[in-house]
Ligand code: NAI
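The chain below stands alone and is given in structure tokens; this is the form predicted on its own.
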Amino acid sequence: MTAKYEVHGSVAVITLENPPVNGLGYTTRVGITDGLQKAHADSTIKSIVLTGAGKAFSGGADIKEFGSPKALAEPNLLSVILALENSSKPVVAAVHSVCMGGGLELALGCHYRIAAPGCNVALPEVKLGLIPGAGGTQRLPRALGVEPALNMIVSGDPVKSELLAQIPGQKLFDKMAASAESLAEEAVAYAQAVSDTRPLPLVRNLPCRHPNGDAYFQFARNMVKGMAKNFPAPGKCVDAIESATKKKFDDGMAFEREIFTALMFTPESRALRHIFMAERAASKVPDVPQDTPQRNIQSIAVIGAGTMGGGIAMNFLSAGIPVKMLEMKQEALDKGIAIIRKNYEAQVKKGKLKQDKYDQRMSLLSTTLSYDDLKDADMVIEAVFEEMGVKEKVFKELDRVMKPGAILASNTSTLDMNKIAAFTKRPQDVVGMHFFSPANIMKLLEVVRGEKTAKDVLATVMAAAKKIKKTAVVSGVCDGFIGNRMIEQYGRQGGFLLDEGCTPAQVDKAMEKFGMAMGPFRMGDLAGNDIGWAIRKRRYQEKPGMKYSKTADLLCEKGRFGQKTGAGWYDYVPGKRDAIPNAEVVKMIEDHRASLGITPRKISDEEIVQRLVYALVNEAAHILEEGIASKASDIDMVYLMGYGFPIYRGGPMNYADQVGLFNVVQSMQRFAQNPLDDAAFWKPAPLLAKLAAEGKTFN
């Protein structure tokens, strides 16, 4: 049982005990109803307190039961709330720390609520593509008022209890406790004080109106439509809350349930629920137990004060960890520090960062021109030029100066981490930490595990990633790791589409309509087309039989490297990022196509999307088979957090699962018949073929 029953004089106290957030799993729900029955069977009990142990009242649904029959098993949450409402003895909810989702709906079913200051209160279901499903849309507007309730439900963001208590006319909290420490004692005293009050107040009986209902709800719908165009749930929240103002309570509850059930089966909600679970799963490495000892990280060194080095340093400075930055020349150091200052000052100007916090962060930054000054750092991250010879020099120096047990990390995006580790006499301490640009903003961190990387190093780096608010995904060693290895196949397909009849703008528009942050050609211009050119030159030597479009090479031969040169697949005006189509580039593509004797054909947006996305999926299936990624959901996190894949599609692997792997394989077999494409690539990876044949999914 995950709920405890205790007696304090005439008051029964039911305490939820299901760490970490007292999720309302089956045994917890049974514990609450059993506690209520005990209290009603004891004539000496006059009132009841419901609270949560540890660091939460309740965070809502138990994620371990997500999507399982247990989540609906009786007593389900609706039944528990009904039991609280129907209690003949007053029930006081004593909320503290976290009161969210089903936890708040539970509290709203009690007769009275007392809150500790600092409690985070929310109905965050919209973030999972749902609406509250246990009366939240019907009770919160009655308890709090229509407008503040709608704002909370549509955003899903937490609000502090003391702010909610200040809303005029609110009936959400009957009393505020003096402190979290005194809450239990105050709740028992309050329960004693209301023990003889009759009739017992019910939130469901409170009036729920808006003085300008129709106009207000239309305004709310217009606002929501503009902010959440690809997600149905926010608009449905408005519908459900409006029903609270227009329908009888039980009819409103039925309407809420109808919407909730329908949303459960939408691809958007499935994607968001998948992401919720995938983000938590990413931090778990199969062979590295959660209790693996970690190394102590009190200070960081960063090699290189360029764009990446500066961004990496900012992550740690913002987390309150001292950083020592090394460069070869004072001029480079000065330039790097100026960029960090500029970035922080922009945040101060926008009101996102207070001046004292800015000063504190900058005080944690120190610089040096000598490797010897790094000797006391607990972890060092190099962010130097992406060339093996340069990395070799850096790691030999680090091996010489760094103290025993220090973690030596490389920010490489493609190079062999095993080779880099072999430049040292301590390969067990070497790991890849591939940050994505801009490193101070992008959430993704690819943690590259070498053959000899120690488990405690991996555990330490994953914990450090959490501290600097990154989503870390572990990758094995291969060319390009997870993200860049897949994006190469995506880019190759983009090239073939140009050869066959597309323009860069047509391909980009199709992918952006699908939901990508930007299409492959705009992305190439942003990253620098010369980077892809360098990789292709290497490929021509390593894999002479691999098929490539030569169009991108012709572009680079013209010096059109992208935004940094003001010209790439598109033209760019200084200070702006608008991609302006260039007639000469289109003519270059047409001339190249003619030289190959290709007659252009009309290519649909559907074909563009399928070829590019399924190229990602097929390469990802190889990555899974090889053990480079331990699970498909990790690959989804890489693409959602690092490459602009649309959130509402849940990542390439989740999208393929939704389409159906049988259908994906059928499309790939069709692409293999195209003489201008790469038939060998479109042979489904064995894992993909197997799952499709068995009617299974990646996730």
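Residue positions are given as counts along the sequence shown, with the first one as 1. Keep in mind the model is a prediction, meaning the values are calculated, not measured.
The form predicted in complex with the named molecule is left out here; the points below concern that form.
The stretch in contact with the named molecule in the predicted complex, judged by heavy atoms within 4.5 Å, is 320-328, chosen from 220-228, 130-138, 70-78, 320-328. Taking the partner from the other structure, the named molecule in the predicted complex has a heavy atom within 4.5 Å of a heavy atom of residue 391. Although the partner is absent here, residue 113 is not a contact residue: none of its heavy atoms lies within 4.5 angstroms of the named molecule in the predicted complex. Among residues of the shown chain, residue 505 is not one whose heavy atoms approach the named molecule to within 4.5 Å in the predicted complex.
A residue is said to contact a partner when one of its heavy atoms sits within 4.5 Å of a partner heavy atom; residue 411 meets this definition for the named molecule in the predicted complex.
Note on contacts: among 90, 494, 524, 309, the single residue with a heavy atom within 4.5 Å of the named molecule in the predicted complex is 309. Only one of the listed residues (266, 437, 366, 360) places a non-hydrogen atom within 4.5 angstroms of the named molecule in the predicted complex, and that residue is 437.
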